[in-house]
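To begin, one chain is listed below as structure tokens, in the form predicted on its own.
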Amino acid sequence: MTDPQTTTLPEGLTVAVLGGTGPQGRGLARRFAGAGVRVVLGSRDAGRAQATAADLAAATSGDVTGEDNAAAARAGDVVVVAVPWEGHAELLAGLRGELAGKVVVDCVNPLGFDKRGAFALAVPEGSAAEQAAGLLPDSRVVAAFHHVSAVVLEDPGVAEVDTDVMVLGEDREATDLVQALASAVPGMRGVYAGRLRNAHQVEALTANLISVNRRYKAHAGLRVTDV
């Protein structure tokens, strides 16, 4: 069975990555830039974003620039949210205006850690993605990129990122676009996985993957069979 998705990335698409100086955001930005997508890194510190962007531009020969989070949000057609869970709500609430009309891709995993390992945190709205949708009523929120190892993304020796990306959302055009963005990265594939009400278990599964990785000293991802 083949993937029915036929969406291609629009010419000139700009992807902003909020939290773009952290491991996950920086790794995703590296892969998007390597795939020929224009990337704007966002950070609380514009200078730090600009320095990281310069490094990524040199490493990928891509179009990567850095701004503070608000300026990056304004610049992006698609805005990826890759910030720590603790700052998720505050950041998005403060950027409601800048993110209006945008496709916002939330890849935040609400996790806790104790001596027994990682575990999923309860979120009153149900999930980080649903929290984002509540805070950003004028944006099209999509959940994706939860299970992609930052170590793999940042490793220049890894030519293909061997994983599927679960993509969830309420808007077909938006989820198709995010599937196409994922599939632009060599080895990666975007797979539609339901509505935002199903984002909780996708976010929580990250805790299981962390346990797999610790036990087997790996950087495991996911593959969906028969699609």
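The numbering used is simple: start at 1 and walk along the sequence shown. These numbers come from a predicted model, not from an experiment.
Omitted here: the form predicted in complex with a small molecule. The next part is about that form.
Contact annotation: G134 falls outside 4.5 Å of the small molecule in the predicted bound form, judged by heavy atom distances. Using a 4.5 Å cutoff between non-hydrogen atoms, R197 does not count as a contact of the small molecule in the predicted bound form. Contact check for V108: a non-hydrogen atom falls within 4.5 Å of the small molecule in the predicted bound form. When the small molecule is considered in the predicted bound form, A150 lines it closely, a heavy atom lying within 4.5 Å. Contact with the small molecule, judged by heavy atoms within 4.5 Å in the predicted bound form, is confined among 95-103, 71-79, 135-143, 108-116 to 108-116.
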